[in-house]
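As a starting point, one isolated chain is supplied in structure tokens, in the form predicted alone.
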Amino acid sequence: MPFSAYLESKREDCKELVAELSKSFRYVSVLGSEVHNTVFRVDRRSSTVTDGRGECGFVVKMQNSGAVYEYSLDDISGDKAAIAKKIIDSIEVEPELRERMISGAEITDEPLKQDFVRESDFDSYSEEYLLSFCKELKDKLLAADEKVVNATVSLMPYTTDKLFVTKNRELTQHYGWCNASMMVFYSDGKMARARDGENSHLIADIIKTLPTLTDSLVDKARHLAKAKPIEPGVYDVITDSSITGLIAHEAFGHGVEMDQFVKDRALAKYYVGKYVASPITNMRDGAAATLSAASYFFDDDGVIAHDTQIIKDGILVAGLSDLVSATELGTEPTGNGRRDNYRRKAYSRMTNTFFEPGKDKLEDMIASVKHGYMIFETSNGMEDPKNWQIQCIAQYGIEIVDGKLTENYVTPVVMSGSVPDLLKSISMVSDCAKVIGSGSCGKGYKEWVRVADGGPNLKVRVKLG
């Protein structure tokens, strides 16, 4: 699957607009984006193929004397002098703000010309085949147990093409990803819902793996139908990779997005170089750190993807920055400048955020717990970067008694507390890890981007309720 013919046809337009605006601004970039997303979804009563969240357009970033401006366009064809004039005439800055913007660090424009491609197999599968695959899995789930009252199966392949142009840089990237999910609704005295899924840049991987998960999914639903509420308290807890990722995401994901450092809205700003976690704790983020839904070759500022160490041996060593926040703070940008879409500004955003593996065996971790829980599957989470409080919601937990997993399931499970207290309580870290690449994350309540997180199993001491 080649790079977007449409964006390629606009390359010279981008270069011409950069040249025209460079008469008025010291730095100018143009980002062109084309994203296609298809959603295949079936359940007991319906089957649909719909367009998902796509986009096609351009955004211009300009800087003079420390002041940065952005302007989005659906198209950049036509008279570039006229387009440039329209952009310049649209800029309105309050006098008080303009005084604060007179001086400031300048964005650098290092020369680079490169095209990036991640191969996929999307063209090998027709819509009819993929919809049929979903239907077969749905029928298999419904037939597994008479108490399964409904089942849904979804495939969501998407492709991303981006063109980035400045005076000295020309970059393109093309890549695809597919998220797949299954859900069953199980009625046995009460209604329970259980889910599972798979994701990859190759649909062949999903077609191979997803059918192998149906039996365990229905069995999980059976247990959840009999699950009881948890008795609130402080427990020894073993996290699965999903919950480990949720902790990473909420604790030192949002908390180290460095546009919040600029605004003095994150306590982490004052703890760089200090212990914030157990000495056996290591954590990373980066589009180049692993392969997932959040992996790309360059960010929306034209910065090449990084692999950033956030926590090393318990010490907070770095944050995550977009181009503007890094410029203002005098640090190197980490390739975390991301946009909801071309109509939205770039922020410092997470990509693949995860804890690194340790040296412990999961069976030894479970055996070390006299009474506690192993908790599974991210449901939701919230964080407060200013005060370092966290709340993570797991879909369910399994009670551990005398070092053994029992048949006692609890749901839902809410984990809460202070970020440093939670991370400093980490006493064991498993030697295997998984990064789950199917999620999305907002900046507050909006500005959605695709993210992934995960890591090994952690043993922590934390409040559950």
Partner chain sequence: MIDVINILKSTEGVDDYRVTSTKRESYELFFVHEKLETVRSTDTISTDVTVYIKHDGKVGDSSFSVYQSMDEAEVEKKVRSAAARAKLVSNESYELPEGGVFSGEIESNFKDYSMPVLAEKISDAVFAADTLGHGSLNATEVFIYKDTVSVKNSRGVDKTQVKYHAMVETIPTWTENGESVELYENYTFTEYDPEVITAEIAGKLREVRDRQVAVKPETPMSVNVLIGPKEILRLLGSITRDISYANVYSHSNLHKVGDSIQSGDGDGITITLKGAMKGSTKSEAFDEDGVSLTEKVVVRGGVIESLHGDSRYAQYLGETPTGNLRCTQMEPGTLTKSEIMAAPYVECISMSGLQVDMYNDYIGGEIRLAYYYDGEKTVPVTAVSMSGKLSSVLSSLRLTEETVAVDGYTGPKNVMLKGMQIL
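Since the structure is predicted, the reported quantities are computational estimates derived from the model, not experimental observations. Positions refer to the first chain, counted from 1.
One more form of this protein exists, namely the form predicted in complex with the partner chain; it is left out here, but the text below deals with it.
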Please identify, from 112-120, 148-156, 239-247, 198-206, the stretch that has a heavy atom within 4.5 Å of the partner chain in the predicted bound form. 148-156
Can you pick the one in 393, 303, 315, 144 that has a heavy atom within 4.5 Å of the partner chain in the predicted bound form? 393
Assert contact residue (the partner chain, in the predicted bound form, non-hydrogen atom within 4.5 Å, options 191, 81, 105, 288) equals 191
Using heavy atoms and a 4.5 Å limit, would one call residue 324 a contact residue for the partner chain in the predicted bound form? yes
Would residue 49 sit within 4.5 Å of the partner chain in the predicted bound form, counting heavy atoms only? yes
Distance check, residue 212 to the partner chain in the predicted bound form, heavy atom within 4.5 Å: no
Please determine whether residue 26 contacts the partner chain in the predicted bound form, using a 4.5 Å cut-off between heavy atoms. no
Scan 117-148 and write down, in order along the chain, each residue with a heavy atom lying within 4.5 Å of the partner chain in the predicted bound form. 127, 128, 131, 135
